[in-house]
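Just the one chain here, laid out as structure tokens, in the form predicted on its own.
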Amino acid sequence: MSDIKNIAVLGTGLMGAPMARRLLRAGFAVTVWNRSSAKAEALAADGAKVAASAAGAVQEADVVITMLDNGAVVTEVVFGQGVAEAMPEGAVLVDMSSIPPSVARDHATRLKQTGHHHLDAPVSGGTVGAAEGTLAIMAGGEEEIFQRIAPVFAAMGRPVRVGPSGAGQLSKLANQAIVGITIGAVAEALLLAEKGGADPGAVRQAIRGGFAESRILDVHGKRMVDREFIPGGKVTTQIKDMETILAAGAEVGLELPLSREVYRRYLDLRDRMGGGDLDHAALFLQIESGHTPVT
């Protein structure tokens, strides 16, 4: 039987809200906070307690989950808004945001100094995975702490510990590199089919189950065929991830040419075509436009 009963969720946007609902359904007492209070208040109907401040949300928490925009925001909320000081001694902060590995390692060090534990545990699976509890959870940190909060992870998806602090974020970067590059490959393939006179929807169905099968071909390929780009994962988020991927590569002296090319095209989709708030599958539209971004 787990000793974890109280969970605080800081950040209840597209991903954080359905994750909080999964935790509530699993029987945890959940307190929520969000910078835009309406997003947190919407969870009251599901049984969540709504806190007026981030520090107030964590005062009785065994586990604090952060699902925030970027590393700077996580740093500000945890260390600038009193969260680290307000967390009970021995509590675990699980950062499920996507942030640079170096920032995650710094957070782990700082929290250890105040008597707290830290796991970096970014996720993949989008809003559908968050709602269905099928997220891929990539965790970095101590094995003992990972095992301790296994019931919390189980309510949200499939967790795998991939190494020490920062390794979860490295795993997410690997995931996002594959996602971004594969979206481009699927877009090129479907455009080739369409421009050559084939039915792209039928082509997508024909090649599924073969070596080209992937979650990207399934979900994002359908978005491309339907030309429906309501965001699950936004272009702006993919750009942030690609920037972090390239920076992490530079830190270890690794050139990532495919990631760099996809990044340039996402920037063009956002800046020239105004597609920053579209789903990242809208890279299809940038490639279809025929425009080659200037290096």
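By rigid core we mean the largest C-alpha set that fits within 1.5 Å across both forms. None of the values given here were measured: they were computed from a predicted structure. Note that residue numbering begins at 1 and tracks the sequence as displayed.
One more form of this protein exists, namely the form predicted together with a further copy of the same chain; it is left out here, but the text below deals with it.
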query	finding
Candidate stretches 107 to 115, 144 to 152, 215 to 223, 88 to 96, one within 4.5 Å of a further copy of the same chain in the predicted complex by heavy atom	215 to 223
Of Ala52, Ile230, Ala38, Leu258, the one that lies within 4.5 Å of a further copy of the same chain in the predicted complex (heavy atoms)	Leu258
Contact assignment for a further copy of the same chain in the predicted complex, among Val103, Val77, Ala130, Leu170, heavy atom within 4.5 Å	Leu170
4.5 Å heavy atom contact, Val160 to a further copy of the same chain in the predicted complex	yes
In the predicted complex, Gly184 touching a further copy of the same chain (heavy atom, 4.5 Å)	yes
Proximity of Ala248 to a further copy of the same chain in the predicted complex, heavy atoms at 4.5 Å	yes
Arg270, heavy atom within 4.5 angstroms of a further copy of the same chain in the predicted complex	no
In the predicted complex, residues of 182 to 217 near a further copy of the same chain [heavy atom within 4.5 Å]	Thr182, Gly184, Ala185, Val186, Glu188, Ala189, Leu191, Leu192, Ala193, Lys195, Gly196, Gly197, Ala198, Asp199, Ala202, Val203, Gln205, Ala206, Ile207, Arg208, Gly209, Gly210, Phe211, Ala212, Glu213, Ser214, Arg215, Ile216, Leu217
Asp106 C-alpha relocation of at least 2 Å between this form and the one not shown, rigid core basis	no
Arg272 C-alpha moves between this form and the one not shown by 2 Å or more, core aligned	yes
